[in-house]
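The data below hold one chain only, encoded as C-alpha cells and taken in the form predicted on its own.
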Amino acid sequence: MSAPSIPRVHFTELSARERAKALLEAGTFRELLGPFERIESPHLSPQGVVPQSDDGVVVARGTIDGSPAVILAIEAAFQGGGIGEVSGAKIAGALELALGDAEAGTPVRPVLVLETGGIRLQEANLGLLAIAEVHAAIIALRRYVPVVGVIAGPLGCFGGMSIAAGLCSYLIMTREGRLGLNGPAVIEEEAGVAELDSRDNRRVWDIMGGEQRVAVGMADTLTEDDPDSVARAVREAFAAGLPERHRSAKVERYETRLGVIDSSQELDGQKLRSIWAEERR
C-alpha cells in the first residue's frame, strides 16, 4: 500500500500570523503588540463595525538566515486588509524601530506581507496619514537594509499600500497575487465596464497579476504559492543586498514607457510585455 500523499500547503491560504511564522526560522517567532494587548481601532465600533484585537496587522520578530528580522503581515480576512490609524501605526512604528536599530549599527531585516485594498474607508484621513508614515519609514530604512515586500494572495495590494510596495527594495509575488494603484472594481466603477470588467478574471490577472507584474518589471521575483518557496525568495532577496538604485528612483524609465504608449489603442498583457522588451534593448 502506498503512503498517503501529504496535502500541499498554500501560502495564500495561511493567516497573517501563520505567514509570519512561515517566513521566520523555526522557533524564533515572537509577536509584538499581539491580540492580548487589545490594541484596537477606536473608530470602528461607533460605525457599527466589530473591531479586531490586533487591528488586522501582525508584527513579529525572529530571525531569517540567523539575522534579526521583523515581519509585518496584513490580515486580509479583517476589513479586506484595510489600513487604519492603529494598524498603520503598528507598521510604521515597527519600521521606525528597525530604522533606529540600523542607525545604531544592528540592522534588522524588514518584510512586509501585503494583502490589502489600501486605506480603510471608515477611518479615511487617519488611514491616509498612517500610510504616508509607512511610506516615509520605508524610504528612510531602505538606505541601510533591503526592505522586502511579498504579495501572495488574490486580494492583492492596492491603493496607498501599492505605493508602499513600489517603494520596497525587492518585491516578491505569486501568480495568484495582484498589484495596482486601483483595484478592478474601482476601475470599473470610475471608468466603466468597457474599460475593465472586474469579473473578467483572465483579463484582470493579465493586467495586474503576479506573473505580469514581474514580466514588466513592477516586481522582482515570481515564486510558487507555498511557504518554503516564498521563504526562499525572501532569503534570496536579502542575500542580494541593497540594489544599486531602487525602482521608485528610476523616473526616466517610466517616462519612457508612457511616451511610447498609444492611449487610443487597447493594450493587453502581451502588448505591455512587448513595450517592456523594446525598452530593455
Partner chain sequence: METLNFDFPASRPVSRRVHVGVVGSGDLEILLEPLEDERALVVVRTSADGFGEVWRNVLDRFFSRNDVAASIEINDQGATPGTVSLRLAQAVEEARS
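The model shown is predicted, which means the values in this text are computed figures rather than measured ones. Positions refer to the first chain, counted from 1.
The following text describes the form predicted together with its partner chain, which does not appear among the structures shown.
Taken together, the three residues Arg17, Arg38 and Val50 all lie with some non-hydrogen atom within 4.5 angstroms of its partner chain in the predicted complex.
A residue is said to contact a partner when one of its heavy atoms sits within 4.5 Å of a partner heavy atom; Glu75 meets this definition for its partner chain in the predicted complex.
Scanning 218-245 for heavy atoms within 4.5 Å of its partner chain in the predicted complex gives no residues at all.
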